[in-house]
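To begin, one chain is listed below as structure tokens, in the form predicted on its own.
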Amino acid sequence: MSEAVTASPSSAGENPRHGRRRFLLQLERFALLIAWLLIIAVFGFIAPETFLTWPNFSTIFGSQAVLVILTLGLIIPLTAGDIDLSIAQVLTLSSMVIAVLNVGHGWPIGAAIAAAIAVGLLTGLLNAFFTLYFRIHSLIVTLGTGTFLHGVTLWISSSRTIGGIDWGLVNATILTRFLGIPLAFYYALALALLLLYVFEFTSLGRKALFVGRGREVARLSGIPVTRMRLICFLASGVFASIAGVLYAGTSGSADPNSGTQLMLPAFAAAYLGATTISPGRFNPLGSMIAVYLLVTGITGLSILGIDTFVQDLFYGGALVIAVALSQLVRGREESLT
């Protein structure tokens, strides 16, 4: 009985500290989401008649589905410790393949989409081959691959935008809506949830994370490091090609230079997303929140009449800050373990 009495002051003294620590950890997990809500509140207060409208948010959610899926594809190799700089050009080439085959050669839209997905798969295989077989850093390989794909895109399109893509794809992507939001948003959400399940609840996702944290340790632990990196490259290419399919459906056309402008936002969202939900780790929901936070800020500034150059300032600054924050969070997590 006396032991119970003497133990209670100690436990009572520890509880407040544990409670504060848990609160701070939860606050960190959802800080980005809170920041997004604050941005909405600020712009809503400044320009309620234009910003706080359902058509505005419907446009934001639907128009950024392509960027969300591209970012999801990017975080897959990043999780395994690789960088894919070709991902935006895979998107561009995939959308152009659909346009060329469907509009120029009369292919059914389903066959054109299958060919576009094959482009992403083949690119992922090519990136993996040069990175893993020749042991060249993925940064160099994917930079070269992306430049090559850009040249292919300009070649097959004759450096021009091709419009007139099958109306069925446009209808299934942007015109058909659920709760006022284009279906493209729900496709992106479904892929984010699928990737979340793989990362959190499958051995495949855990192995990819382990490989990213330390390849030699993972190899000594019996994890097939080369195979995991191959799978991540293939998945990255497929996600990028899916983003290309949605891009073609969103615009009804394919622009040979469209992918270039999406690379920086994707990296900014990927690293910014690594500071929330699962701090210190690239994660799908965090990346999705980061995309919409950045786009909401840019949309609000545009509504206020700020010039378009603010987009580059916003994305560039966000990338630098996000990388710094993610490194700080990851370093703290590693020190605690």
Partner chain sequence: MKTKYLAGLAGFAIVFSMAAPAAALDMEAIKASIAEHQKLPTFTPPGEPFDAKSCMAGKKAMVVPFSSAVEFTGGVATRMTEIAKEIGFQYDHYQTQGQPSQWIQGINQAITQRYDLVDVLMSDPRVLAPQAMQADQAGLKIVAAHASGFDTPAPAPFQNVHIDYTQAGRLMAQWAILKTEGRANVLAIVAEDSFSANSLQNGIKEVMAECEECKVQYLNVPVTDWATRMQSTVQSALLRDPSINYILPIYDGMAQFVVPAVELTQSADRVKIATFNGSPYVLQLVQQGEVEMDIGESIDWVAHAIVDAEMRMLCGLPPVKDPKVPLYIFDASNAHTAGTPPQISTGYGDAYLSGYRKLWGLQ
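From a predicted model like this one, the values you see are computed outputs, not experimental measurements. Residue numbers count along the first chain shown, from 1.
Just so you know, the form predicted together with the partner chain exists too; it's not on screen, but the next bit is about it.
Visitor: Given the partner chain in the model of the complex, answer whether the residues 63, 161 and 262 all have a heavy atom inside 4.5 Å of it.
Guide: Answer is yes for this spot.
Visitor: Flag residue 177 as yes or no: does it have a non-hydrogen atom within 4.5 angstroms of any non-hydrogen atom of the partner chain in the model of the complex?
Guide: Output for residue 177 is yes: heavy atoms within 4.5 Å of the partner chain.
Visitor: Does residue 167 reach the partner chain in the model of the complex, with heavy atoms at most 4.5 Å apart?
Guide: Flag for residue 167 set to yes.
Visitor: Give a yes/no on whether residue 37 approaches the partner chain to within 4.5 Å in the model of the complex, heavy atoms considered.
Guide: No, no contact at 4.5 Å.
Visitor: Residue 226 near the partner chain in the model of the complex, any heavy atom under 4.5 Å?
Guide: No, no contact at 4.5 Å.
Visitor: Would you point out which of 269-277, 296-304, 282-290, 29-37 contains residues with a non-hydrogen atom within 4.5 Å of the partner chain in the model of the complex?
Guide: Looking at the other structure, the answer is 296-304.
Visitor: Looking at the partner chain in the model of the complex, which residues in 198-229 have at least one heavy atom within 4.5 Å of it?
Guide: The stretch 198-229, when checked against the partner chain in the model of the complex, contributes no residue at the 4.5 Å heavy-atom cut-off.
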